[in-house]
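Coming up is one lone chain in structure tokens, specifically the form predicted on its own.
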């Protein structure tokens, strides 16, 4: 379902549209939380009028809605619409020139980069804007504290572990009464950055068990496919024994528990701190110039081990100067004041050095 919101973004809908009202910059706001999140007290860029359309990652949808709503308090004569329909759709639409920017949890492959460059008429940039954990969300009667290793998660999603009282799950959850309920996985049937992040994690840390590869779409042999994070989480909510993967805000909104996950270290739950620790230890930039696309090394991650940065895809030089000005203003806000909103939504502020690099990249947009 697609929901259009004007003046205020509420909840998780597939579309967030915010008509921006008011003016001025938030000169008194300070970005960040502790050692994370942006560039201190630097205010967002000056306002611009016009409208922007964007689509892509459902992972970052909640924070895009929040940013748009808050940005409405400082800029007049502008409108930002973000449609959460999956990273693959966002990348494709951006490469076809259908949207002004896209959200994605993965970097573009060379053919996608080439299409984006052509659509922009300039080099397309990949810029980190937020970070978060891909939560393992489940619904199991009378079980609210669950621990799962990479090997066990792989077994659940490849179908080799079929019931919740399987010996492999029991060994990881001493003292927890696990019922013989059948496991019913829900997985994304659209092109999803969250799927790519999860399967890359399993590829790296459960290579003996996981043989299905890592991509935005996977032929899962068991369970049920659904579109978007909201689709898979809705399936889990109505299914005793259900399990899926999605950004943690979807678990919070549906009152569903999330598992502690073990990578190379100990079992870790999702928090702003554990995600920031993971990004700080496992993310590195591989692009050059003002593009900041990078890679995740799950074997090096400390903290919550299924963590990722989430990007925006933008043009370095827009064909319309007014569009470039508004994109720059909106993303400057997101990377400064907007970063301090991350924790309350289940995201993590970007590590401060990465946020500084992202803002410097955005500031070159014209």
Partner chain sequence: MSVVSAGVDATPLRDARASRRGDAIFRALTLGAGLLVFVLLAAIAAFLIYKALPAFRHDKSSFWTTKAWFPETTGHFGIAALLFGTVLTSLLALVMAVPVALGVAIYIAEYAPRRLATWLGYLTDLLAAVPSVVYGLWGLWFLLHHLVGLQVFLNHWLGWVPLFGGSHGDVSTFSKSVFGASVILAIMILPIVAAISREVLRQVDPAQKEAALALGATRWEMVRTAVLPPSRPGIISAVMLGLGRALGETIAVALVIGSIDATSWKILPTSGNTIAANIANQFGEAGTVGRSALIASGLVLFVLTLGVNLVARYVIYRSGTAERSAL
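On a predicted model such as this, the values are computed, not experimentally measured, just so you know. Positions refer to the first chain, counted from 1.
Omitted from view is the form predicted in complex with its partner chain, to which the following refers.
Its partner chain is not drawn, but in the model of the complex it has no heavy atom within 4.5 Å of residue 101. Shown alone here, residue 58 lies within 4.5 Å of its partner chain in the model of the complex, counting heavy atoms only.
Although the partner is absent here, residue 226 is a contact residue: one of its heavy atoms lies within 4.5 angstroms of its partner chain in the model of the complex. Contact annotation for residue 85: at least one heavy atom lies within 4.5 Å of its partner chain in the model of the complex. Remark: of stretches 122-130, 244-252, 211-219, 263-271, the one touching its partner chain in the model of the complex is 211-219 (heavy atom within 4.5 Å). Checked against its partner chain in the model of the complex, the residues 94, 138, 201, 186 give one hit for a heavy atom within 4.5 Å, which is 186. A single residue from the set 258, 173, 81, 239 has any heavy atom within 4.5 angstroms of its partner chain in the model of the complex; that residue is 239.
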